[in-house]
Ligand code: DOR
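Heads up, the chain below is alone and in the form predicted on its own; it's given as structure tokens.
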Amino acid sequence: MLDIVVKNAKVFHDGELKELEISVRDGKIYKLSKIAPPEQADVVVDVGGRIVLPGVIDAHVHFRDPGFTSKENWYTGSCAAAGGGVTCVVDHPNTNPPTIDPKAFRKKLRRANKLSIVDFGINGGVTSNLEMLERLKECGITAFGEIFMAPSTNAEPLDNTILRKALEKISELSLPACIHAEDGEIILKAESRFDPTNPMYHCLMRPPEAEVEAVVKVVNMVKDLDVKLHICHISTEDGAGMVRNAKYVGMKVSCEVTPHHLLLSEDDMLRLGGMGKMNPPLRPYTHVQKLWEYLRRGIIDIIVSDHAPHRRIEKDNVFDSPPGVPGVETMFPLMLACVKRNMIPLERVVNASSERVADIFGILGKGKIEGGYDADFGVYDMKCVGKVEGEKLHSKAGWSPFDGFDAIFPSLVIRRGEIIYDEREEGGIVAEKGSGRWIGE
């Protein structure tokens, strides 16, 4: 007995679209074939010639739960994920309590198990808790980090001495170390050099050289260590260039980029105000152009949302607003619209949003449409280009810096053989709270 059969589809398989039918049994892809086997299925879905892409894995979200659930929680965040074709997320540690010990980890895991409708991983935090790192790995964390090198939202930065000791320990534990690369000393000096009443102050006080210097420091720090170094939300040409150089000499280094650093620049700050404020900040357009080039070439490995929602009222004043923007629901639809405009090949976007993510973070059985893998995929009509409307998204934030941007949203999203999003249903969400599964099991 099959769970579901997807018929009349153009399936992304082995790097290209093929006319295939997908048979699913026990939540996994049972067979890909020209014609599905003549077994009875609980559900038969005819997608009418639309494309079927692997479920997106967003390796960088902040669902704010526990501790900041007025901004987001595991249910609303996972609904936003599903609405954007994301079937698995990795949540970062700066919640309350921060995920820096087994007790805090178990608290977050209970919340996610109760509420999430997408599958999920949970990262472990790194502060001065070096004695907890091995215990966090034993809990089943996906990776360590974000590890901060400068102050950011609800985060304690590490000085170079503790960071080196932490990376030494992490190298023994064989999990990725995810670094938020901004140099605190450069930011501190820049804060006093610029007028704090300037609407561009946030961009000026966290200049490109703060990221570049931090990447240089941490890459040099791990040259003699066998550590999987992952640079979060790269935003500068030279930062990405340093990652390229490290890869060239054989280091285990990867990096990610967000849609807001690809589709927005500091020229948008005056228009967006607080809604354009995040860490690292928006950069000059010359950096944006190089990020696109490095993403197309695979020097930038993956695309993430860095979904960091705040309530709309909190973002009204650019000077007082906390940094961070929502993005898990718009990330992949925005990138598909870029594919439509021939800005980047579909194959590169799919790889950077699924298979390569699974490779970096050791997420088994996810990331591609292949026999034996979890039946995670989204159905898309590339002719159906819509617009982002922040108020209609599922996040508690209720806004988006991408209002009015072209986007290709999924019509159907399936997670482990279960339909979790269907555009034909009111609100789209059809999954039960808590139906998502922890990938650390």
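Note that the coordinates shown come from a computational prediction; the quantities given were computed from them, not determined experimentally. One-based numbering along the sequence shown.
The discussion below concerns the form predicted in complex with the ligand, not included here.
Though the ligand is absent from this view, in the predicted complex it lies within 4.5 Å of a heavy atom of just one residue from 308, 242, 304, 79, which is 308. For the options 356, 111, 228, 233, the residue carrying a heavy atom within 4.5 angstroms of the ligand in the predicted complex is 233. Shown alone here, residue 180 lies within 4.5 Å of the ligand in the predicted complex, counting heavy atoms only. With a 4.5 Å cutoff on heavy atoms, residue 278 counts as touching the ligand in the predicted complex. Residue contact with the ligand in the predicted complex: residue 365 places no heavy atom within 4.5 Å of it. Using a 4.5 angstroms threshold between heavy atoms, residue 332 stays clear of the ligand in the predicted complex. Partner proximity in the predicted complex, defined as non-hydrogen atoms within 4.5 angstroms of the ligand, places exactly one of 122 to 130, 367 to 375, 341 to 349, 147 to 155 at the interface: 147 to 155.
Contacts to the ligand in the predicted complex (heavy atom within 4.5 Å) from stretch 36 to 64: 62, 64.
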